[in-house]
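First comes one chain, alone, set out as structure tokens in the form predicted alone.
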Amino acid sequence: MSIIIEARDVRYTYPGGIEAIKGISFHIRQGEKIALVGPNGAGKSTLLQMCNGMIRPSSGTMLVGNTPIKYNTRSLCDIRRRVGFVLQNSDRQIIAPTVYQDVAFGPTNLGYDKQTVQDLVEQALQQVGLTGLERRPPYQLSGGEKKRVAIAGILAMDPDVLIFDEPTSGLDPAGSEELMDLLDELHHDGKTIIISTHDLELVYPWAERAILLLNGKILEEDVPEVAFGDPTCVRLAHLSLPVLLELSQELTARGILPTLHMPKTILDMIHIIESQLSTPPSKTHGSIWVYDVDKRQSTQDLMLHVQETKAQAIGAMGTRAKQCMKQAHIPLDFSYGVIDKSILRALRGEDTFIATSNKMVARIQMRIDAYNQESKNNIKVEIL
């Protein structure tokens, strides 16, 4: 994968002499999911704002697409079209009197004609699940809906990179899960995703690579299980170990597990524990039914398939699938981490129904096939 953003020994000092970034170098490849992690005041927001030219380094060089950022108006407009930034506080980003006007602001300023702007706005609102709210004043929206409006405004300009500063700030647990699922969906569509957070629990199973910051410097940079795997390093950054990592370390220290494992999900942990059992668990597995909502004939067709499978659990993966299930008044047992939760149900002998879009069907099949191969299980997937 080609490098899309790079920092070369960047430093930044705020007016008053406070040095926020102290000689940082890193690179981000196209298509990655990156978490910038650290306590408050570590320099996360400052560093992210350098990535699309909102802040100019006091020294050092920021590059986008192997080209140093130029800080003139024309160059910055191009950079910010390619590298979209979603602020922590959505109220600071939403400026128009209606949802439609706010999402249309970016593409209108890019000079697109009225029909193209309308098409881009409709597509962006569909991606974030806000179709039908075009004329709604933003002040009438919930915190999660405002966050999605801000995301839609960036998506309407079709950037290569999406940057989120504390994306789940102010959201309840369900809203946070919904947002992380949306970020996964956008990543699956080919976007490079960068987020900042101090919540290791949130990004540990999500990120492909983590950059741990402390006092304006990189403390650790690696895959999450390695970057967060050293308790001393994590405590030095005033953070807490992800629960699964801490549990695994404790089980190893007590001799319950012979070697240290680094599970990223509950499914990983279950597999590790079962591998240590003297008596293997029952191998009577449930099935996973996958329904492509893009091929559905009607809401009644969806409801009929749910009834026919007699699944004990129902999940939806992707914004469009969740909308379809909501329209059909079908309650969901889970809407985040759907594949792993479905596998866990299957291991208990329960059948699961997953509604998803056409582009996600292959992803589900590949994930379950990979799990079957690794664990020597035989969970069946039925595509409806």
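Predicted, not measured: the structure shown is a model, and the values here were computed from it. One-based numbering along the sequence shown.
The same protein has a further form, the form predicted together with adenosine-5'-diphosphate (ADP), not shown here; the description that follows concerns it.
**Q** In the model of the complex, is there a heavy atom of adenosine-5'-diphosphate (ADP) that lies within 4.5 Å of any heavy atom of G41, even though the partner is absent here?
**A** Within the cut-off, so yes.
**Q** Report yes if any heavy atom of T46 sits within 4.5 Å of a heavy atom of adenosine-5'-diphosphate (ADP) in the model of the complex; otherwise report no.
**A** Looking in the model of the complex, residue contacts with adenosine-5'-diphosphate (ADP) include T46, since a heavy atom lies within 4.5 Å.
**Q** Using heavy atoms and a 4.5 Å limit, would one call M366 a contact residue for adenosine-5'-diphosphate (ADP) in the model of the complex?
**A** Flag for M366 set to no.
**Q** How about A362: is it within 4.5 Å of adenosine-5'-diphosphate (ADP) in the model of the complex, going by heavy atoms?
**A** Contact check for A362: no, nothing within 4.5 Å of adenosine-5'-diphosphate (ADP) in the model of the complex.
**Q** For the interface check, one of 32-40, 66-74, 353-361, 335-343 should have non-hydrogen atoms within 4.5 Å of adenosine-5'-diphosphate (ADP) in the model of the complex; which one?
**A** Checking each option against the 4.5 Å cut-off leaves 32-40.
**Q** Counting only heavy atoms, which residues in 1-20 are within 4.5 Å of adenosine-5'-diphosphate (ADP) in the model of the complex?
**A** The stretch 1-20, when checked against adenosine-5'-diphosphate (ADP) in the model of the complex, contributes Y14, I18, A20 at the 4.5 Å heavy-atom cut-off.
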